[in-house]
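The chain below stands alone and is given in structure tokens; this is the form predicted alone.
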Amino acid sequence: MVLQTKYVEVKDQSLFIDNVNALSLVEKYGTPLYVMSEGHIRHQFNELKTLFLDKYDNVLPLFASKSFSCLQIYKIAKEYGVGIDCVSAGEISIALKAGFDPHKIYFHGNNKTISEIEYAIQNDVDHFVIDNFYEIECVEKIALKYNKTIFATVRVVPGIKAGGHGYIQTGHKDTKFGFSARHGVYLDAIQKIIDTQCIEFEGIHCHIGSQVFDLYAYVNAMQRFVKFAYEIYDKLGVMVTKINAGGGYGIAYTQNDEPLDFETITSEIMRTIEEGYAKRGWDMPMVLIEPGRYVVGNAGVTLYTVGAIKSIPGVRTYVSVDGGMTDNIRTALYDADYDGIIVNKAEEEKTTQVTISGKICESADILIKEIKIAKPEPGDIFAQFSTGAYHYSMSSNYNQITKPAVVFTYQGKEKLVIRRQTFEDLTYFDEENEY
């Protein structure tokens, strides 16, 4: 077992998150329960601020809010002066409700709808990461309607394959995202933007994938993006004044993961761009990055109650918990690996090899495929670590399972951030109309 953050620790025969006993949280809020260490979240946001925002001139870290989106996380992000990467009008609406500056929101997405574009522009969101030709037409039409200027960063696919599972590799040529760097497609997009009346071209955006552990992938991507900047200037006569280097910074889910150091990644990104621009005698462009999982991933602990235990001789032992793929789809979707412990037996010897399964009516409903834990019994409390990113944000009501509550812990205290769904919530949007 590896605890991936100093804010989660085993002591006094239990698990503590920001010095709050996990068993006391279960007693108060029940299970399944998402617990987020605000201590860890603030530590990570502080790194974005001190090691990037304050360290360099003309930079902006954006929190990739698809990793974990709620009012509280946007309020904390705002405290540290970072921007927000949003991929839907829904995410934008929550950020605005939290009081976030709309001019520090960057609107992503490969198929922004007309209504979403209109909502964003009406609410003064003016930074768009442009993903396709159709979007250029839509943004221009709506911006003209409201007499607004939109600042465009064009998403360019660099042709780099990096990241974990194939579903989270977004930088290679076969992807639904962005404009291809092949055959001059991205140049055609930039020219089309230049020709509009109300969209101002600023720069280019890169995202090579998620859960990236290869430093050279970032260096290689930025080397290519510097060359793209050369090509844009030489062929179109416009300067790239903004480079968004994307995110995808890997975290440690298990002891087998070896994530890169944040400062190492960002210093190499900045060095590569600076050297490339200096060769042309150009001033450094504005540089943005988009960490999400890096901020919240290791902050999360999901607490479950153990139920049925099924041993199949010579095969495996299934330990079922009261949650599953409705609160953690990543194992089924990405073949993800996790670590965890039985909380009420936190310091007992881990003697039993098991598979942690959920209660959902799917054979793929597995949370951890193979793990050694203390001998399990019904009623035990199991903690799964590093569940802060893409867990709550990807949760569902499949099988009409209610979504868990979200509790934040900080400096020995806890607070309810999102309440547990009720059965009444499951039919809240149902109508009983007659034909």
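Fair warning: this is a prediction, and the values are worked out from it, not measured in the lab. Residue numbers run from 1 along the displayed sequence.
Below, we refer to the form predicted together with a small molecule, which is not included among the displayed structures.
- Residues R42, E91 and H127 are none of them found to lie within 4.5 Å of the small molecule in the predicted bound form, as judged by heavy atom distances.
- Comment: the small molecule is not present in this chain, but in the predicted bound form one of G247, G203, P158, G83 has a heavy atom within 4.5 Å of it, namely G247.
- In terms of contact with the small molecule in the predicted bound form, the residue from L51, M394, V26, I366 that brings a heavy atom within 4.5 Å is M394.
- Using a 4.5 angstroms threshold between heavy atoms, G292 counts as touching the small molecule in the predicted bound form.
- Contact between Y390 and the small molecule in the predicted bound form is found at the 4.5 Å heavy atom cutoff.
- The small molecule in the predicted bound form comes within 4.5 Å of no heavy atom belonging to R224.
- Remark: A64 counts among the residues lining the small molecule in the predicted bound form, judged by a heavy atom distance of 4.5 Å or less.
- Partner contacts here mean any heavy atom within 4.5 Å of the small molecule in the predicted bound form, and among 187-195, 225-233, 203-211, 119-127 they occur only in 203-211.
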